[in-house]
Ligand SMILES: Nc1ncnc2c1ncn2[C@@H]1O[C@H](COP(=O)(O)OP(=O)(O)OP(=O)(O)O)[C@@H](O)[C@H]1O
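Starting off, we have a lone chain in the form predicted alone, written out as structure tokens.
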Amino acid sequence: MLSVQGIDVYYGMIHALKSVSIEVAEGEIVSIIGSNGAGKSTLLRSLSGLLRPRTGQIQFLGQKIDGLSPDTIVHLGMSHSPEGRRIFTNMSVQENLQLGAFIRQDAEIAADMERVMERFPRLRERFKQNAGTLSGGEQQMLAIGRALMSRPKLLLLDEPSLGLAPNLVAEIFRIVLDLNKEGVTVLLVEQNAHRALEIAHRAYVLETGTVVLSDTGQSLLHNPKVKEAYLGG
């Protein structure tokens, strides 16, 4: 489904991603783990068109997408729930979800919004509230729900558990598993390495902009180097 081939991404003179190559097959959960500043969010921004690689190539569903605009990439079936949620705080929950469906003109938008609220009951309770009044966990649910409104084939999730209480972290990861079982392919960036590897079919380790390890999630979960660096020994 997704093939990233040797991309280099810069912020000015800073070389943020160095010849990064990853693959995501249809139906997988693939996790990207690494420390702060490793380039995880930069990778997702590059995939969704927010950043442009200087070299290398990104293919999605057999089509070259590096250089395409973010809205075009959403049209192709990739949706990005960004780090920090990036919801529209002065707009209601309903309006945020409607914006997630901005590329669509079909008759199923209301039905999909209903499905989002079935998945996240708290959003139904706060449907007309300004998104800025929601708790951190509710805002994260809204960010994921908004991304789902475009009916993505590939969902990019950037740090969905960041800053959440442990019970909400467990709920977010359960939802990721449920989405995958329903046919959504997931590329997950996550600092909670243990959780991310537990649910991943495959995973990559990024260090200072370079992929240093890749394997199945379970293999990396028991890898001594990964244990020492990311799983507290």
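A quick note: this is a predicted structure, and the numbers were derived from the prediction, not measured. When you see a residue number, it is the position in the sequence shown, counting from 1.
From this point on, the text means the form predicted in complex with the ligand, which you will not see here.
With the partner omitted here, the residue from Ser48, Thr185, Ser41, Asn192 that has a non-hydrogen atom within 4.5 angstroms of the ligand in the predicted complex is Ser41. For the options Val24, Leu220, Val211, Ala16, the residue carrying a heavy atom within 4.5 angstroms of the ligand in the predicted complex is Ala16.
Contact annotation for Pro70: none of its heavy atoms lies within 4.5 Å of the ligand in the predicted complex.
Contact check for Asn180: every heavy atom lies farther than 4.5 Å from the ligand in the predicted complex. Among heavy atoms of Ser35, some come within 4.5 Å of the ligand in the predicted complex. Contact between Glu95 and the ligand in the predicted complex is not found at the 4.5 Å heavy atom cutoff. Interface residues of 89-124, taken as those with a heavy atom within 4.5 Å of the ligand in the predicted complex (partner not displayed), are absent.
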